[in-house]
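One chain comes next, on its own, written out as structure tokens in the form predicted alone.
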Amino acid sequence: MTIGIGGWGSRRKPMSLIREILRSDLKDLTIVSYGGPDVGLLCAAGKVKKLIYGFVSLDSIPLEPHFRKARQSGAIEVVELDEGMLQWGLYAAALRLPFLPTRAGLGSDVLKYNPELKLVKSPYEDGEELVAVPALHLDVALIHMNRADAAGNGQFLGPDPYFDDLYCGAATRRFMSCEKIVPTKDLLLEGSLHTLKIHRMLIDGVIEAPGGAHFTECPPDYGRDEAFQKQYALAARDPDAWKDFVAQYLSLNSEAEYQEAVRKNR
């Protein structure tokens, strides 16, 4: 199964849905992401077979520790793309096109390390040679938004929509968690029409999950939990410490128990 995960680095990630995958028997997943702890946690749990990514970072901590460990050990198959190429691959899938041409990646080692990527020549007078980024088709897309209505219209209230709409457009099934479900008529109380980035036609299911992006940021509702993220990164350095972290936060029966564990340890 190929799962695309919205958000960006350690920003507005659908972490409650990631934690649900950790509690499931899903495995051998292909993950597509501008990655953060979503990728790290799935790698640490042995859920990832293949990763297609533009980067994987915790933002304030540059390298995601579990991803680095999986990458360095060769535990996962990887396709490392230029950030613009990943965007173009999602866009091609959303448009139901086989590929989209771009200059992104030209002159870099992206083509060297991804020999399956092809070049195409412009059919016009310029005759320019471009990278043909193949469509990144997803079985499932997971995103997290600030507000949504019960029909699946989603609203971001932070500074950036990221590419959540492209993930949904590229996927067969799309699920959106949100900080709060509100009546449709109230969607414009906190943001303009332009913040309604996710249309209900792009969504198959919506889940109200307060704190669902924790420990990534979800402004203006909350910032990144830097103390928790530091605890996460320090635990990743030591197998025994990581085992304790998993027991304390991840081997719980529900998202509610996770949120309670976080509150108790603040």
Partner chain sequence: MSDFTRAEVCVAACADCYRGDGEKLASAFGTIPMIGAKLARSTFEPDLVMTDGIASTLANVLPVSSGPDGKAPPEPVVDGWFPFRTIFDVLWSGQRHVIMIASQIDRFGNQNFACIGDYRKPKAQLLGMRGAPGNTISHTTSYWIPNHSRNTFVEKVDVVSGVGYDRARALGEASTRHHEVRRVVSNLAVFDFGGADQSMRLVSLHPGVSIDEVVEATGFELEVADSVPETRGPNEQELVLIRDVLDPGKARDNEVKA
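Because the structure is predicted, anything quoted here is derived from the model rather than measured. Positions refer to the first chain, counted from 1.
What follows is about the form predicted together with its partner chain, which we do not show.
Residues placing heavy atoms within 4.5 Å of its partner chain in the predicted bound form fall in a single listed stretch, namely 107-115, out of 107-115, 136-144, 185-193, 168-176. Within 4.5 Å of its partner chain in the predicted bound form, a heavy atom is found for all three of R68, M85 and F156. Although the partner is absent from this view, P161 contacts its partner chain in the predicted bound form, with a non-hydrogen atom inside 4.5 angstroms. Looking at Y34, you'd find a heavy atom of it within 4.5 angstroms of its partner chain in the predicted bound form. Although the partner is absent here, R200 is not a contact residue: none of its heavy atoms lies within 4.5 angstroms of its partner chain in the predicted bound form. Although the partner is absent here, P220 sits far enough away that none of its heavy atoms falls within 4.5 Å of its partner chain in the predicted bound form. Counting a residue when any of its non-hydrogen atoms is within 4.5 Å of its partner chain in the predicted bound form, the hits in 66-80 run F67, R68, R71, Q72, S73, G74, V78, E80.
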